[in-house]
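The data below hold one chain only, encoded as structure tokens and taken in the form predicted on its own.
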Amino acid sequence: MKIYLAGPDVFLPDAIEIGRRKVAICAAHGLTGLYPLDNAIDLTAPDAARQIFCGNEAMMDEADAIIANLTPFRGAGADPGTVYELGYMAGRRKFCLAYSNDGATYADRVGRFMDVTSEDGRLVDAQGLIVEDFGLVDNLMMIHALELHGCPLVTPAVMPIDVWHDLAAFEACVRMAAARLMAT
């Protein structure tokens, strides 16, 4: 089983090393990890962004499943590129798994970044916009895509000190993918 490894990990200073660790964890469980930075892209090319996009979609097409890192990135929610990738895979009815190293509810996380008040029984942010508040770790579309197309979101009981390098929740997803492989 080939697993596309999605997430903002590609933006870390040690992104290549994190990718190698994730691929090694997959291999230890009999799976092949496909890490986006394994695509050979000339970053100086005028169409580098398009090459990255096409390369990542080709990897997802080749993959049987996705493990998406939905740990909040540069804000209260998941990385938008990762969210696209999760939706792409769910739309193709591929096996979807994901984790977040921050298990707080989305509404609580929004409150970390701006004032949130209660008005008429709804949470409202500093701009007067309603804050999604279903008690879920992230947007309902991602949470239910996982439940309906794979496995529920994996979160740790306690948020790790280093949310970007702790791979325990990732490895839990790998074990679930390996168990599915053995079941088929």
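Note that the coordinates shown come from a computational prediction; the quantities given were computed from them, not determined experimentally. Don't overthink the numbering: it's just position in the shown sequence, from 1.
There is another form of this protein, the form predicted in complex with another copy of the chain, and it is not shown here; the text below is about that form.
Contact between Leu12 and another copy of the chain in the predicted complex is found at the 4.5 Å heavy atom cutoff. Not displayed here, another copy of the chain is kept clear of Phe95 by more than 4.5 Å at the level of heavy atoms in the predicted complex. Contact annotation: Arg74 falls within 4.5 Å of another copy of the chain in the predicted complex, judged by heavy atom distances. When contacts are judged by a 4.5 Å heavy atom cut-off, His149 counts as touching another copy of the chain in the predicted complex. Taken together, the three residues Arg112, Pro156 and Met176 all stay farther than 4.5 Å from another copy of the chain in the predicted complex, as judged by their closest heavy atom. In sequence order, Glu132, Phe134, Leu136, Asn139, Leu140, Met141, Met142, His144, Ala145, Glu147, Leu148, His149 are the residues of 132-151 having a heavy atom within 4.5 Å of another copy of the chain in the predicted complex; the partner itself is omitted from this view.
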